[in-house]
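In the form predicted alone, a lone chain appears below as structure tokens.
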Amino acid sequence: MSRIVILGAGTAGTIMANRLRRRFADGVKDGTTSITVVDQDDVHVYQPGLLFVPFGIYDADDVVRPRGKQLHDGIGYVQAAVERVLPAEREVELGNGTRLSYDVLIVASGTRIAPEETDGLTGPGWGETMFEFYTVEGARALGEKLATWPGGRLVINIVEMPIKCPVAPLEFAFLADWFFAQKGMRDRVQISYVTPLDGAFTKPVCTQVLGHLLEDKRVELVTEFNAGRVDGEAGILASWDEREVPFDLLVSVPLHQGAEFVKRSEGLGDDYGFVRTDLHTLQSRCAPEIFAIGDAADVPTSKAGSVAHFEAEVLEDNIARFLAGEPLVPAYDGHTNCFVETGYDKALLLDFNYDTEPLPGKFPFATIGPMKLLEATYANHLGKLAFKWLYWNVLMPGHDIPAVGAQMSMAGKQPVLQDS
């Protein structure tokens, strides 16, 4: 019997479970294959939707569904915390002391915010003048604040990379510009984007093509700012080198870490709790029967939902090969695809991988598009909104997206001559 255990029932874990249920349908039916998913709660969050909650575009209830109901029949669901993985025993120890044995283990535990790791961030002012939007509760609370906020200095700060959905803080800045303009109070709001990076965008081509967006939207850019402490009462964000940025309202993107149980599992993860993973096969570097997918993996690509979907196509095949005793195929190329809301009913679209930066062009079809890459358009905005339906009805059930494969295609893309 082949026992497959998946730790995490978020985007990556749900996609993977449903794809494997379809792949091994006969085995599940005759009892020779079991698929068990473990998570500590039954709250599945459509994470791209959290960005829209503070601005009243979505209600918090619009982005939440039960985890168990997203899993196909024949998949076991265990609601429990994970204490640790025991690679030598091929077992997972749960918080209640129960142990699950596995032949294949998939770690899909995602990433979590750790605001308490930044001095002062969860102190006086937390939930009053300092907020985050990476949880349902945080996004809802921030929305209530923005609805009545009279204006002032709005600071959006990334504490440290990596974070899930790396473009979300930029999207927040762009949507805030639009939000306050619609309320007729944009002139009463000073928006500052404070990042530890040397620019707003992590990719040189994006910086070259899109760098004007912050200036156009009157968003101040503060770079190479490594947040060390926050004084909520005084309204001061301070870096480790003692630079200070004053604020009336701080929207923090706190430190992100992997699951605690990954840290407690010998040899499984790095210091931040992300699973040490082969870039192309998605096999753990800890043990051959352990794999990682989505935000839980330490692969150098964006922690985004599209990554989990593309990885799942590759991982499904590699798990089938592993169980059949066949060599794995290093097929994942770091493919990432994401929309970037720019406000005013427009959005950008980025498509890239480990080796190729986002490039301009048409997507997904080389001649007709209909979406354009690296260009803010209404069609891209509609694509961003439509993705919510696609998420629940195509991605979560484990289906492929027509015309968009796991490997990035160069069709329709145009090279960019970078400034020397």
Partner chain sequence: MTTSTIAGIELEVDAEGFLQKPEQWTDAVGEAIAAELGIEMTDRHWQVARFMRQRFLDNGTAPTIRTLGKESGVDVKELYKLFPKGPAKLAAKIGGIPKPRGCI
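Residue numbers count along the first chain shown, from 1. As the structure is a prediction and not an experimental result, all values here were calculated from the model.
Unshown form predicted together with its partner chain; subsequent notes refer to it.
- Heavy atoms within 4.5 Å of its partner chain in the predicted complex are found in exactly one of 178-186, 156-164, 122-130, 314-322, that being 156-164.
- Here is the short version: of Y77, Y344, W149, Y272, the single residue with a heavy atom within 4.5 Å of its partner chain in the predicted complex is Y272.
- A heavy atom within 4.5 Å of its partner chain in the predicted complex is found for exactly one of L94, L279, V222, V136: L279.
- Using a 4.5 angstroms limit between non-hydrogen atoms, H72 is distant from its partner chain in the predicted complex.
- In the predicted complex, its partner chain sits beyond 4.5 Å of every heavy atom of P288.
- Among residues of the shown chain, D298 is one whose heavy atoms approach its partner chain to within 4.5 Å in the predicted complex.
- Proximity of E326 to its partner chain in the predicted complex falls outside the 4.5 Å heavy atom cutoff.
- By the 4.5 Å heavy atom rule, the three marked residues E117, W240 and L255 all count as contacting its partner chain in the predicted complex.
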